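Just the one chain here, laid out as structure tokens, in the form predicted alone.
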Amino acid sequence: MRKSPASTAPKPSGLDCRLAVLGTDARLTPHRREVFQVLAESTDHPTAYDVFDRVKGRSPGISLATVYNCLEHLTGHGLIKLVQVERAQARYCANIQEHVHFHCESCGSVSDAHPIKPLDPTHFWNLPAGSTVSHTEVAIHGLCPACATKKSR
């Protein structure tokens, strides 16, 4: 049985699909793809140094400056999110769905927290009349389950 040409075409990556949905004109170099892939495989919201360490295994010639440039490019085109938690190092997140971040005050971990039901910020916070919201950045602080268990012992 012969395969049709469409069935032999390479499957688009998650990044390619995201580009198509967002309609962005981001130019994707091999390094940018590697940095995105590292973030897409991460749930720990890595810092630029963490991303550099992980990408170095895949692309040994990459520099820290290149990783920073890739992160800036991907963030600037809305392909990843920059996560700022107080005065700590910036972290990065490939999850671009509306969500907030939970920051453990003991171990420093950062994890995604998704709304239970759709959240309209204009109905949740008392914003100035006529305001429009482009995105939200909320961090919830406390203890992760592991740290809370340690503390209760």
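For every residue, the number given is its place in the sequence shown, counted from 1. Nothing here was measured: the structure is a model prediction, and the numbers come from that model. Take the two forms, find the largest set of C-alpha atoms that superpose within 1.5 Å, and that set is the rigid core.
Keep in mind that the form predicted together with a further copy of the same chain is missing from the display, and what follows is about it.
Student: Report whether all of 116, 128 and 135 sit within 4.5 Å of a further copy of the same chain in the predicted bound form, measuring from non-hydrogen atoms.
Tutor: Result yes, every residue of the spot touches a further copy of the same chain.
Student: Since exactly one of 84, 106, 29, 43 fits, which has a heavy atom within 4.5 Å of a further copy of the same chain in the predicted bound form?
Tutor: Spelling it out, the residue with a heavy atom inside the cut-off is 84.
Student: So in the predicted bound form, is a further copy of the same chain close enough to residue 49 to count as touching (4.5 Å, heavy atoms)?
Tutor: Output for residue 49 is no: heavy atoms all beyond 4.5 Å of a further copy of the same chain.
Student: So, in the predicted bound form, is residue 64 in contact with a further copy of the same chain at a 4.5 angstroms heavy atom limit?
Tutor: So residue 64 does not count as contacting a further copy of the same chain.
Student: Spell out, yes or no, whether the shortest heavy atom distance between residue 111 and a further copy of the same chain in the predicted bound form is within 4.5 Å.
Tutor: Residue 111 belongs to the contact set for a further copy of the same chain.
Student: Would residue 100 sit within 4.5 Å of a further copy of the same chain in the predicted bound form, counting heavy atoms only?
Tutor: Residue-level check for residue 100: yes, a contact with a further copy of the same chain.
Student: Pick out the residues of 136-153 whose heavy atoms come within 4.5 Å of a further copy of the same chain in the predicted bound form.
Tutor: Result: 136, 137, 138, 139, 140, 141, 142, 143, 144, 145, 148.
Student: Cα of residue 49 displaced 2 Å or more between the shown form and the other one, core superposed?
Tutor: Residue 49: C-alpha displaced by less than 2 Å between the shown form and the other one.
Student: For residue 108, is the CA shift between the shown form and the other one at least 2 Å following rigid-core superposition?
Tutor: Stays below the 2 Å threshold, so no.
Student: Quick check: residue 145 between the shown form and the other one - does its CA shift reach 2 Å or more after fitting the rigid core?
Tutor: The answer is no; the displacement is under 2 Å.
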